[in-house]
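Okay, so here's just one chain, in structure tokens, the form predicted alone.
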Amino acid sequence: MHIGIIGLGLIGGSLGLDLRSQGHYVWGLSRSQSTCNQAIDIGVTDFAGLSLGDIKTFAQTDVIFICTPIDAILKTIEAIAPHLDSSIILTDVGSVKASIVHAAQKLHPRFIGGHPMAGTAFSGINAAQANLFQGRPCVLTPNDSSDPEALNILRSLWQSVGAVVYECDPEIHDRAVAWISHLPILVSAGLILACDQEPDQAIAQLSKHLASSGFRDTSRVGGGNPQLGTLIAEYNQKALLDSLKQYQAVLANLIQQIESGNWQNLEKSLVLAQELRNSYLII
């Protein structure tokens, strides 16, 4: 199969490595010549072009994965759709789906949204690694307008690189990831910002020296890519706000328990949290 990948960062690069290892011919597209060169050198792609001007090459593909930042997905589809045969399958890897899927399908009917839940703390082509998606969830978001054959092909491709595939409506996806992916980013960022509000500089400095695994784990996603966090909030605004407000209510309840010295109820809350945690760590 001939597969195109637009955006050769961590996700696009890792996907290229896995697909090429299975014998697929992979075309890549990036804005950087050095990224194109690196993609070929490390085996991510068989061919890599520099701009959308090379899209005529992509007309030979069967499937195109758009692995750009969220705000560039629709712009990319708008640019390439007029040059593509209607038989070509388009998909993406963005972490927000509803605002992308409906608009994308109008531009190219064989578009189906996708979201692999995999990644590392690093980015760029040099962060690409084989087997990144092994055992990790990947959500496909078909709707009533989606082509069944295209869905089957995408499901098979993701399963072939080891992903555990889930399927749901785009809106359902956005509400679910707001809880377990987008909310943690804002909560984690809030923790970092709150710690920086300590007025006593001696205490603030000591806190930094004492910070260990607990702070490292809970602050990791909040200390990630600021542009990604902002785009997630912009494109999944309603679902993220709903989850933030519910979290705010839970936090207010915990504050009330501590203020009133209701240690029994506080312990019950913490016991429940301990019991519930494993249900969110299935994979």
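Note that the structure is predicted; figures quoted are calculated from it, not measured. Residue numbers here begin at 1 and follow the sequence given.
Separately, the form predicted in complex with another copy of the chain exists; it is not shown, and the next lines address it.
Q: When another copy of the chain is placed as it is in the model of the complex, are 50, 72 and 127 each within 4.5 Å of it, taking any non-hydrogen atom of the residue?
A: No.
Q: Mind telling me which stretch in 106 to 114, 163 to 171, 145 to 153, 76 to 84 gets its heavy atoms within 4.5 Å of another copy of the chain in the model of the complex?
A: So the stretch in question is 163 to 171.
Q: I'd like to check something about residue 207: if you look in the model of the complex, is any of its heavy atoms closer than or equal to 4.5 Å to a heavy atom of another copy of the chain?
A: Contact check for residue 207: yes, within 4.5 Å of another copy of the chain in the model of the complex.
Q: Is there a heavy atom of residue 17 lying 4.5 Å or less from a heavy atom of another copy of the chain in the model of the complex?
A: So residue 17 does not count as contacting another copy of the chain.
Q: Examine residue 177 and determine whether its closest non-hydrogen atom to another copy of the chain in the model of the complex is within 4.5 angstroms.
A: It does: once another copy of the chain is placed as it appears in the model of the complex, residue 177 has a heavy atom within 4.5 Å of it.
Q: Can you check whether residue 66 is within 4.5 Å of another copy of the chain in the model of the complex, heavy atom basis?
A: No - in the model of the complex, heavy atoms of residue 66 and another copy of the chain never come within 4.5 Å of each other.
Q: Go through 173 to 210 residue by residue and record those having a heavy atom within 4.5 Å of another copy of the chain in the model of the complex; state none if no residue qualifies.
A: Contacting residues: 173, 175, 176, 177, 179, 180, 183, 184, 186, 187, 188, 189, 190, 191, 192, 193, 194, 195, 196, 197, 198, 200, 203, 206, 207, 208, 209, 210.
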